[in-house]
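First, one chain by itself in structure tokens, the form predicted on its own.
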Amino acid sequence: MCIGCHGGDGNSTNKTIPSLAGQPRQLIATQLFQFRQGNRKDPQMSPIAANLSNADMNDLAAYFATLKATPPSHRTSADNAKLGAELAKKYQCTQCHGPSLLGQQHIPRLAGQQPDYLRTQLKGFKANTRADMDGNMTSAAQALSDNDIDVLVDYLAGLTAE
């Protein structure tokens, strides 16, 4: 069922659906668990995750983590390439998501992620409507203006996930 939305190679072609290829294994398993437990809600993901065993979640996580993220089709504007990098440091995105924004452990790769998905998640954290395991993203998003979010999304979506 996963490939219908996330792509056969884990690289979504839908700008509202995240690519899973190359995401940290622990992140994928944790997010599936969050959907299964109802802590994170989505009309498509929640029912799918509801029937997954822990072994299923771990197997899916291991599979998608081994896949290679394809280069993004999104091209960052020249202005946002510079400003986005500055904002990522200012708001400490690189502190948790890593210096190249490739994610680690339970923290997602942002580099090359689908732009509309990124925007929705950042706005959800800011509005406190998106589940956040430890409160760090909800806290970090509070300082973001709508323009900051747009710049970060343009910047992040255009980064190569290597």
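All values reported here derive from a predicted model rather than from experimental measurement. Start at 1 and count along the sequence shown; that's the residue number.
Separately, the form predicted in complex with heme C (HEC) exists; it is not shown, and the next lines address it.
Enquirer: If you check 58, 70, 121, 100 against heme C (HEC) in the predicted complex, which one has a heavy atom within 4.5 Å?
Expert: After the contact test, the surviving option is 121.
Enquirer: Any of the heavy atoms of residue 108 lying within 4.5 Å of heme C (HEC) in the predicted complex?
Expert: Taking the distances in the predicted complex, the answer for residue 108 is yes, it comes within 4.5 Å of heme C (HEC).
Enquirer: Spell out, yes or no, whether the shortest heavy atom distance between residue 66 and heme C (HEC) in the predicted complex is within 4.5 Å.
Expert: No.
Enquirer: Since only the chain is shown here, I'm wondering whether residue 23 would be in contact with heme C (HEC) in the predicted complex (any heavy atom pair within 4.5 Å).
Expert: Yes, contact at 4.5 Å.
Enquirer: Taking the shortest heavy atom distance, is residue 151 within 4.5 Å of heme C (HEC) in the predicted complex?
Expert: Heavy-atom contact with heme C (HEC) at 4.5 Å: absent for residue 151.
Enquirer: Where, within 23-40, is there a heavy atom within 4.5 Å of heme C (HEC) in the predicted complex? Residue list please.
Expert: Heavy-atom contacts to heme C (HEC) in the predicted complex: 23, 27, 28, 31, 32, 35, 40.
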